[in-house]
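First comes one chain, alone, set out as structure tokens in the form predicted on its own.
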């Protein structure tokens, strides 16, 4: 079962921006209720899309540089990157079916 990768400010460029596959990045914090609700969905999607999409998690409290760089103002925010650029953004808790639509649109 694929798991989202924990990414920090130092590894963000290497893991996300230089990735050969699309990357879904979950910007979250431990104290955020909606973040805790969406985490299992992201984990499920990581398994379902494991050969086509990389999944990463960024704790915004511990990695403010990455969050600031991409204008994260609310969490959870999911950004989908392709070729080093953000191409889709989902803010707040979102049902799994909608997240799949967003991923499929990028693939």
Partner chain sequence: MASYQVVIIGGGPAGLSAGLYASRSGLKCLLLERGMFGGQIVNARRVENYPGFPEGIPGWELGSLMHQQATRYGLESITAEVMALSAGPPYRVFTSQGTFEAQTIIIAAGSEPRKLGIPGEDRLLGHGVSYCATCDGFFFRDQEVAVVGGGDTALTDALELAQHARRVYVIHRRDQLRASQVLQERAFAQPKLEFIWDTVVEEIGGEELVSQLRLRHLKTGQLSTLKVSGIFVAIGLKPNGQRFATAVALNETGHIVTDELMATSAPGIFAAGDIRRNSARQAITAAGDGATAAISAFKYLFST
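Residue numbers count along the first chain shown, from 1. Just so we're clear, the structure is a prediction, and the values are computed from it rather than from any experiment.
What comes next is about the form predicted in complex with the partner chain, which is not displayed.
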TODO: Could you tell me if all three of 37, 71 and 74 have a heavy atom no more than 4.5 Å from the partner chain in the model of the complex?
DONE: yes
Open item on the list: So, residue 89 and the partner chain: in the model of the complex, are they within 4.5 Å at any heavy atom pair?
Closed with: yes
Open item on the list: Taking any heavy atom pair closer than or equal to 4.5 Å as contact, tell me whether residue 84 reaches the partner chain in the model of the complex.
Closed with: no
Open item on the list: Under a 4.5 Å heavy atom criterion, is residue 60 part of the interface with the partner chain in the model of the complex?
Closed with: yes
